[in-house]
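As structure tokens, one chain now follows by itself in the form predicted on its own.
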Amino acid sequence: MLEVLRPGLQTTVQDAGRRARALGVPGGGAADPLALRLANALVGNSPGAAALEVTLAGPTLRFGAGTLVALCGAPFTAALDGQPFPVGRTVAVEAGQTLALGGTARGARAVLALRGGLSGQEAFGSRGTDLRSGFGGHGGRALRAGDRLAWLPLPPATPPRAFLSPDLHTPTGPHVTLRVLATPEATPGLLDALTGQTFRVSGQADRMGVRLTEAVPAPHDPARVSLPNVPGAVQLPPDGRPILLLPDAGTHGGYPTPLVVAAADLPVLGQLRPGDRVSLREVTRAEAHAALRQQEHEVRQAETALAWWYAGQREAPHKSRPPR
């Protein structure tokens, strides 16, 4: 059992999200999906197992039983019973210990995975929390002090000594460049305006979307019909201030979407915080696919190596000491 002593700014249960967009339900899931996969791999979980997503200021948690945990994503400060707790490594936690997550100077979110994965309310095939609709996760809401969460059982394991390569960490601000693809709604003028300047993230930033402060000339078409949205779409509302959509965004909308963020950069998008500066760089479809293939290759290498470690323990449980 995991007891929440202090909830942090916004801590929710998230997993890999749901596939119910045809029903008008947002996909949801971790805003930094790479952090989720890597944290789960570090504790021997499946890639989409449910974990805690912490935002800007983390929670304080007391463990009622021993387990393995891993923190990935933005470089949050953290302490286990007052001792420094690393990001990107597997740590064995004993019953009664307290993990306090602080804040982060860069990025917005981190994922804390527990061996076995968190249990919780499942809706439309996912345990991810949809805050707007109030379902999934822990009562469909962010954690509160006094909440108690359980995790699913897995055999005990020795934590690997491995640590993640810095190359696998999701890039964070204060200045990031997002690769974008033009959609059929992109005109030469819009492309020049959107890719020719640096934007700043406004205070309107949550799991639905990130609004930028600088405006560009926005097309106005009262007859435009509502069209499907996807995470990463760059919407242009009438005031011309772009909105970059995140996992909890609605499945359709009436604003033009001249650009969409390349899939390889969606984790970076999920790490934007108010005040960050953002540049948009147009790439071709081939370049976007190549970037995603390279990213998948590197992440799967890490996942495979860690899966091999845990599989080896199942096959030879008497060999509890890691290789030197």
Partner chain sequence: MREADITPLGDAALVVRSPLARELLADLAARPLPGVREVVPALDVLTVLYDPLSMAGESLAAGLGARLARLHPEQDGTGRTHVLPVTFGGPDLGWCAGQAGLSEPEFVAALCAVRLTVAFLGFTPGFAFLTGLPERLRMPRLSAPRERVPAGSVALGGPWAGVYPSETPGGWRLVGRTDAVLFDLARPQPVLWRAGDRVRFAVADA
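Numbering follows the first chain given and starts at 1. Only a predicted model underlies this, so the values are computations on that prediction, with no experimental measurement involved.
Absent from the display: the form predicted together with the partner chain. The rest refers to it.
- For a residue to qualify, one of its non-hydrogen atoms must sit within 4.5 Å of the partner chain in the predicted complex; all three of Arg18, Leu181 and His252 qualify.
- The closest heavy atom approach of Leu280 to the partner chain in the predicted complex falls outside 4.5 Å.
- Residue contact check for Pro159: none of its heavy atoms lie within 4.5 Å of the partner chain in the predicted complex.
- Proximity of Leu23 to the partner chain in the predicted complex: non-hydrogen atoms within 4.5 Å are present.
- Interface membership of Leu118, defined by any non-hydrogen atom within 4.5 Å of the partner chain in the predicted complex, is ruled out.
- Here the chain stands alone, but in the predicted complex its contact with the partner chain, taken as any heavy atom within 4.5 Å, falls in 181-189 among 168-176, 67-75, 181-189, 96-104.
- Listed residues Ala49, Leu38, Val260, Leu269 were compared with the partner chain in the predicted complex; Val260 is the one with a heavy atom within 4.5 Å.
- Checked against the partner chain in the predicted complex, the candidates Leu194, Ala123, Val201, Val111 yield a single residue with a heavy atom inside 4.5 Å, and that residue is Ala123.
- Interface residues of 266-291, taken as those with a heavy atom within 4.5 Å of the partner chain in the predicted complex (partner not displayed): Arg285, Ala288, His289, in sequence order.
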